[in-house]
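The chain below stands alone and is given in structure tokens; this is the form predicted alone.
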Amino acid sequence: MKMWSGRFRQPLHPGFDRWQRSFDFDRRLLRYELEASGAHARALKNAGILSADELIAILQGLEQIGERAAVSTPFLDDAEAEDVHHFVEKQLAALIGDVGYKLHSGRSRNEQIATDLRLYVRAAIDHLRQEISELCGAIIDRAEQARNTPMPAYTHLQKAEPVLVAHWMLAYVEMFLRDVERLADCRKRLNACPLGSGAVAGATLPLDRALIAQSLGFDEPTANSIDATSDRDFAIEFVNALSLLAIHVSRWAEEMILFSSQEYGFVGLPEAYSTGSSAMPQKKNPDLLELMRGKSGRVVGNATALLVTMKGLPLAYNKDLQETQELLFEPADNMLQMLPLVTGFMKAVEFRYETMEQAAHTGFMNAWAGATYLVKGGVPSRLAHECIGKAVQIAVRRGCELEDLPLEELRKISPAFGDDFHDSLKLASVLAIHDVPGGTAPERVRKAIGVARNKIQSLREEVHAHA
């Protein structure tokens, strides 16, 4: 029996009936539906709608449904259930009789799905933040292992300046920590409880909404029943946050692909996360990394599709909102599957420090350090830039590096070049002059690693508190 069949004289067209059902994908919300239904049942008891015995029967029935679903996948293969709400009502009535139908007193599926989705997103955020903390911890471990090893940093995919390998790795930690903060902000905004909102105008029974919200771990009830039953801002915000997280993963994957190529040779791909070619026996392909790029695009696509689905909907609930669920589930699934793989890859990947350091010695990456030397000697910055540019031209013609030019040749460009100029071009000196917060000077990077570790520890404690 449909939850709404009393108004209708004819059954649904079988094709339409199958097509409009959402149970195939919203049954993943069963855990949250049962939890929210238990809270609603207690509120009904407090409002005098259920007796104590009826409440006990309903709560025991809900518990049995959850237990059966946990051990029997076929239990969820219900060809008649329209959605997860209908499924629970059917199963409850089968277990405890007509008392099961009392559970729907004073509530609507509109508020139920809004509540279930908020509970789902809240749990997903907690899980994602835990996974990101593990990933950041793995990156920081590798940054510490790299010690003071240098590598080239690039702008426009051209060698720019030398940096510590650890400094490069910490750049990704910063990105992922911002993702954590965005998810935390989303969690704060979504943590209001729609139960008691009814279909659109509010519950028709005197339900204690504050108590319901508290029992489900929400901070407060939602403030407006129209907004509560039609709002999917939290889903859009969540998937937008995931799209930024996915972009950061994709950028990381792209660099790993580049750096693992023979042209760079900075990274050795771990076999556990690579595949081969069916035609070319020598190949080791970065399939994990390439799939990260590809799936990241899908996450961004989900965010766009959510926005487009919502943009023209009038208040309040519309059936279109059913289409937002898969757009929410898929990116969450993708990111929860991807992050542990990124962490595993980072733990297993080989960083070829000798190759990275060798690459940091070539390509005129000490040119700005040379200009800085002149600036410290009193040469105006723009003129110092011009002098070093001319020196680089000479070195290019001669096929040598800047530090290979003799001092007498440099003094033809400017008398400001002193006897200690070549010392300023040494790799250690070039790294050391970037001695500012956020810079790549070794001591600054060492401190940054410590700060990052503290942030990760605080994050883990916060996530544990929500568990």
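All figures in this text were calculated on a predicted structure; none of them were measured in a lab. The first residue of the shown sequence is 1; numbering continues from there.
Beyond the structure shown, there is the form predicted in complex with a small molecule, which is absent from this document and is the topic of what follows.
Trainee: Quick one: of 372, 322, 130, 91, which gets a non-hydrogen atom within 4.5 angstroms of the small molecule in the predicted complex?
Mentor: By the 4.5 Å heavy-atom cutoff, the listed residue in contact is 322.
Trainee: Let me know the one among 118, 167, 107, 85 whose heavy atoms come within 4.5 Å of the small molecule in the predicted complex, would you?
Mentor: It is 85.
Trainee: Looking at the partner-bound form in the predicted complex, is residue 259 within 4.5 Å of the small molecule by any heavy atom?
Mentor: Residue-level check for residue 259: no, no contact with the small molecule.
Trainee: Is there a heavy atom of residue 317 no more than 4.5 Å from a heavy atom of the small molecule in the predicted complex?
Mentor: Within the cut-off, so yes.
Trainee: Does residue 212 reach the small molecule in the predicted complex if we count a contact as any heavy atom within 4.5 Å?
Mentor: Judged by the heavy-atom cut-off of 4.5 Å, residue 212 is well away from the small molecule in the predicted complex.
Trainee: Is there a non-hydrogen atom of residue 113 within 4.5 angstroms of a non-hydrogen atom of the small molecule in the predicted complex?
Mentor: Yes, residue 113 lies within 4.5 Å of the small molecule in the predicted complex.
Trainee: Using a 4.5 Å heavy atom cut-off, which stretch among 136-144, 264-272, 212-220, 322-330 contacts the small molecule in the predicted complex?
Mentor: The contacting stretch here is 322-330.
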